[in-house]
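Okay, here we've got a single chain as structure tokens, the form predicted alone, with questions on binding and movement later.
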């Protein structure tokens, strides 16, 4: 058995971008947000990801701008480090090792050299008691520095970053937790604590959810679970504090934020409405409704020009001064569960799964960005708890990606199950799927499985659905009648059953010649051409949970998993059980581009992965405890470029990449060490040749330009001596941004030394010049001898047509032109 070796499980995409409050740069051009183990930098205008700041080894828990340099940003992580980034160029400047998991990060321009972090009060990582500590930044020029000097500021604070904020001029810091508000004054080194009752007379809950401090006035705005906003004043006296109440939200206020000038207060909650309150004129308020999902965070740019809201559907919305939405950055939508399987669209190679309620989302794995949503239910979703609405529970693509089948269901209390089977055709003009056929009530009970016939060269398109009513149905694409208005539509071609048993799963063979359907403990094999029952396969007791045909050289095998924790393999040529092994397989799937199969097995509260070929008893790869809990959704996604891995343990990743969803809805994948090193090397490439615009002509001739540049460099080095080693430092000095460089006094001596040329170098230069002059003289004498021999042998006709003699300069230029490489022109003409 081959262990995992150099293969690692990583967050490859789909991480939450709404986990923490986003940060807008000073010029409002860039947007920073925590995303899994990295920090993503988006353009606020184009919505594209500009940089992916990688370096943390655990979840990033906070991002903020450096108060002393607006081109830098701090990030903190549960890995116990704080990292300083130049986010405009994507460069890691410094890493501060704290040694404790950090849950949030704060800074103030009035507290130089100090960061404020929230860490656990106990050494145990799982402790639920947190404290706010002041971390003193060490004065060191090293890139990796230990930062162990910190002092406690407030004890028993909330781990929610929205519950702590700095006040006017950094004079105080406010913290809210539960029913208590605590304000710490730095000059007095004293804190005041204010409490509310658990609920009021009407039963509304007063628990604090978030807060924000006014930038120019002693005022603290707090949000509460009952939808109220309280404005606290005069809180520098324990007994003389006052507060006023604002109320518009009908549920908990998730975020409040003052604008930089303090003229407005922004608030948001589950209503998907951004509310803008006028400060000191609270009766006047503006609304920006229909933002699509509940607001979880609100951020404002330092110049106050842009607002940014984070939403519960993993979306960031950029808003121009509460007037209109200017950009939407949509991440992978993560609901409570994925009812459909993970699928890959054959056309766009996008990951397809449940998105917003009643939708399928198409998510690009390469760009880590949602492409679009497809509205399946086509009904308005009503946000009301306890109300049963249509949900998309099944989906499947055909081989070419021309057809998409979906199943939606709704089960009301004390009513029958409502089912709809919809067939969608791909439209080339709109580049999306258009509804073709709707079948109301395709079965009398819930549909358990659905799949298309996988043959790419088949003339007919077939869909099979199995249901708890004891029947399976075959649907075929029928030609339309002789009318111009109607196109092709789907109809039921065959209805099958087996001894009144319930079919659980179905699967077509790779060539489409066989259909396997499991009826509880019996596996039946059918011929789709004639709908004849070919054979039934016996197996040890236990209901079949998964069925999967082998691929390519292993196409003669059929594999299945049972409820009795068995993995069985049948040989279809002999119709016998080839082998079986005892393992609790939660998910079994095959790679469509190879013979490999993957089995996710539950063991001791974790999931193990085994990759194997049905024809070989020895697994190709195994990885213990890839995640906690069960894995019930996974898919093999084809690679854009095939890997050329020679390691036995990683060859199964050459053609396809395996993605899976954990029980916490995290999208994970496997990456080899060589692939990870290549990605890290590309992220560290800081100097980029931007002297030529990236145009189609540049892309066409870029390779030749690079080859010609290399030849010129070699000829230049042969003609002229190399500069001293300090020239590398000069290059780095000229290409590195000024705010990242050390002080000028430190670089001065090195820079001056790099400009000096030694005496030996000058002597060698004179010697090379003399050698060059001698070689020129020899070439000139050879040219004169050639001219004399040509003059003796030429005829009278040649004398009439002879070209004039070349000068020395023209002859030298002619020799130089002959040495040039013109091969690029032939390749250009051939293309």
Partner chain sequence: MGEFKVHRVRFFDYMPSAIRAMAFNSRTERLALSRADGALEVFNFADSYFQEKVIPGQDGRAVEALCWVRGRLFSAGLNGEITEYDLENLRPKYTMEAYGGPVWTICSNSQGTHLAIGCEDGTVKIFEVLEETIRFQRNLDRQKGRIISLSWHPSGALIAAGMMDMIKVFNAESGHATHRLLVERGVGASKSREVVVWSVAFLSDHTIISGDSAGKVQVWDGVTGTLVRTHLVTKWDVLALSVSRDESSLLAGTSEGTVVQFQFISSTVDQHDKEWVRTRTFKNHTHDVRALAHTDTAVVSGGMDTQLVVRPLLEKVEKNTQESALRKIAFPHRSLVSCGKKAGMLLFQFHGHLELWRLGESDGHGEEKHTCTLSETHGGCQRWQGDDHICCSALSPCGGWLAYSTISSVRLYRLQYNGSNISITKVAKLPKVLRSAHQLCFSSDSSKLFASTTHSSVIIIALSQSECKYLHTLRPKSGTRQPVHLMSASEDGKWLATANSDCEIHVYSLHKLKLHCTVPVYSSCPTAMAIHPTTSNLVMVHADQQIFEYSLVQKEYTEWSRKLQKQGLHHLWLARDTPITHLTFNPRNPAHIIMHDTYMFCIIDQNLPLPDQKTLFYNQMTLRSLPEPERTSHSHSFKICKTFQHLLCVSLLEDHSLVVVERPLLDIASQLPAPVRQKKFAT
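Residue numbers count along the first chain shown, from 1. These numbers were taken from a predicted model, which means no experiment stands behind them.
Omitted here: the form predicted together with its partner chain. The next part is about that form.
- From the list 276 to 284, 388 to 396, 90 to 98, 364 to 372, the contact stretch for its partner chain in the predicted complex under a 4.5 Å heavy atom rule is 276 to 284.
- When its partner chain is considered in the predicted complex, residue 345 lies well away from it, no heavy atom lying within 4.5 Å.
- Not displayed here, its partner chain is approached by residue 243 to within 4.5 Å at the level of heavy atoms in the predicted complex.
- Interface residue remark: residue 186 is not counted as part of the site for its partner chain in the predicted complex, having no heavy atom within 4.5 Å.
- A residue is said to contact a partner when one of its heavy atoms sits within 4.5 Å of a partner heavy atom; residue 143 fails this definition for its partner chain in the predicted complex, lying far away.
- Taking 493, 305, 675, 171 one by one, only a single residue has any non-hydrogen atom within 4.5 Å of its partner chain in the predicted complex, and it is 171.
- Exactly one listed residue, out of 666, 511, 341, 218, brings a non-hydrogen atom to within 4.5 Å of its partner chain in the predicted complex: 218.
- Shown here without its partner chain, the chain has no residue in 395 to 409 lying with a heavy atom within 4.5 Å of that partner in the predicted complex.
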